[in-house]
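Below sits a lone chain in structure tokens, taken as the form predicted on its own.
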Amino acid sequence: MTEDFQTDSRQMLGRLRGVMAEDAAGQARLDQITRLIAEEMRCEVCSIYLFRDEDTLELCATEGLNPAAVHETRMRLGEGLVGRVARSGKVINSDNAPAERGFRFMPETGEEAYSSFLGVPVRRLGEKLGVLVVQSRDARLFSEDEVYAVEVVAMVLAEMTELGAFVGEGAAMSARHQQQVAIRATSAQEGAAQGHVWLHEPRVVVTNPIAEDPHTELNRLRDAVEQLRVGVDRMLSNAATGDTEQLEVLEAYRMFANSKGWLRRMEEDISRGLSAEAAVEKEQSTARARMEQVTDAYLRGRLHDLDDLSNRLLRILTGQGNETGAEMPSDPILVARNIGPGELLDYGRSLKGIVLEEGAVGSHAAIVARALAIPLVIHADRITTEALNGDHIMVDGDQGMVHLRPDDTVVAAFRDKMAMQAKAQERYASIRDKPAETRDGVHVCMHMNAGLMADLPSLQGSGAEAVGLFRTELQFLVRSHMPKRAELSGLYARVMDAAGDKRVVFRTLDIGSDKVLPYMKAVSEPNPALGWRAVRVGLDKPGVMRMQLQALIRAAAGRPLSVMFPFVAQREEFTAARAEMDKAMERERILGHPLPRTLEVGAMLETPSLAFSPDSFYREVDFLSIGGNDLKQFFFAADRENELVRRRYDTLNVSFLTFLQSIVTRCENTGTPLSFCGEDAGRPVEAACLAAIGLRTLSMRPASIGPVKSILRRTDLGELLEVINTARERGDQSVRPSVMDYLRGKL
């Protein structure tokens, strides 16, 4: 590129710097800026619209329109040309604005005399802040250079807005990062927590968006890019050669870091008057805006790579690394776009709650959060741009709500809720050592789910009678390499030691779908939940299964052992997996290792197909555990990761309860021990209904045992079954309304 710097945008930005240096109030600054831009663009009108809420723009300053319209003229997102720019994030450049689709005439502004219109979004890292507009009487289509100049100025306005340069009266000019924000999110782990924000990746703040010396900024950018390239090359050389997926990501990083087009665009931005940091952020904002429009998963992944690389470059330029000097608060609520299981385990139980902008209900992070009993919400839109380290934050994992910088009313209501929960916990603690025996004398076994050694103390504290499910995949997911057999054997032995004489059911490796090992080649599948996962992977890659089974046998060291294979869809899969267990037992016998005193081999019933297996399967398997989460999504054909459908179908739907009851009946007829494992086992109303239709063993997270035991001890299952049957005979779609009426009258 040429270093013959263009003067128009540089001159405009230079004058902007002068305005910023003046000690003026926010409104006065905005007024000066609109006047300055109108002069530089040789236009009669320049207007700045800022968002006052998610859906409403407000005219905050203008040169050329009626001054009385300032803070009075408002429009909805998508309304008029300004609203179209705000909604689409795209520039509108027209020499005949009244003829444009969606044009809205606002008589109070006096804009009828203006033909030409140029509207540019004011945005920062994908966050929409407002719209910058210039207009002229002449029928004039703005040139490419003029559009670019206004875009550069819009970028600087976004940074100045972020830094609080335009704070004034009214919602549209209120100080950012100070207002109360309520965000509707998705619950991934129940529970309520309050504390203070701890950002997993502290935000880089650009304090110098305008370049004083473009030549210096160019050199700074080139030096930083070279440092970035060296760093990526170093990461590539240190990456494990067998880690194909990691290598692919790093190769993508290197491709972007060496992209001449990326560097050329940033150099061009500097030539227009931006600082090196602002140039990087401008291109990053463009990439994020494109990301919103892209549905292809691969392309979104590559844009994520570019986004991450831009953050690395910004940290090099600003010196603002992850170590910012800030101290983690004593009550940290972790806020992040996303986070891996290993990073989450590094924080451990120090966290009071977790809020993610992305994530998934069944993600690795969600699994770890459940294991650590930490409230987690996901899909919290804009949280990483709204939150600052140290902000007061409240997380409602039950309702999927996040309250950032809440006011006194919200704080009081939230604390009342937490106090009620604490009082309930005291009540649950008082029945910890009592059996879950219903009013009509039925004993329901209460088991807990686990996946980490840190879970095991809950076996005593929660009153659980056994570990109904120990997830073994977490030890595989949090490492960068395949664990050794001796490591696994030692871990499983410690689990059994901690459980003492209480039974532990080890579920073999359940990977695939949303749980991909970082050191295994990812398989691209159109529908991973229905694809190559769990026992299917184990049977196709028997080496890993055999290694894990041998580790379990050695860990038992003569003690009873219970092993369960996940996602069995037909009898032949269980028979083949059971044969692998028999081979492992024979191998250990030949090697002279002690065999388990007793061995139980079971299966998880997570597919409707397995429920209809012949009676011989039910007699062959030592026990069955209904995997409620997967079984429900396959029964209703509703992906539990899809927010559009996952809440559409009720566990207490008559069809689903009838299906579950048929499984109970078959197990009773064949003498097959049966349990129910999943989120619904830990929900008191659902758990009571599951017990009423005949399920006598429920396995859930430790924190749910108290609430479930409490409702069971106050319920007559015979009466509840009559309520369910009556609703079924009446033709109700769900028994929930009838069950809730019954329980309200009895509890």
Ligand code: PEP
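Computed from a predicted model, the values in this text were never measured in an experiment. Throughout, we count residues from 1 along the sequence that is shown.
The same protein also has a form predicted in complex with the ligand, omitted here; what follows describes it.
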Choose one stretch from 185-193, 485-493, 622-630, 350-358: the one whose residues place a heavy atom within 4.5 angstroms of the ligand in the predicted bound form.
622-630
Could you tell me if Arg666 has a non-hydrogen atom within 4.5 Å of the ligand in the predicted bound form?
no
Glu343 near the ligand in the predicted bound form, any heavy atom under 4.5 Å?
no
Using heavy atoms and a 4.5 Å limit, would one call Glu283 a contact residue for the ligand in the predicted bound form?
no
Please check if Glu277 has a heavy atom lying within 4.5 Å of any heavy atom of the ligand in the predicted bound form.
no
Report whether all of Arg507, Met604 and Gly678 sit within 4.5 Å of the ligand in the predicted bound form, measuring from non-hydrogen atoms.
yes
Of Leu552, Leu469, Ala464, Leu157, the one that lies within 4.5 Å of the ligand in the predicted bound form (heavy atoms)
Leu469
Which residue among Arg288, Arg571, Arg640, Lys128 has a heavy atom within 4.5 angstroms of the ligand in the predicted bound form?
Arg640
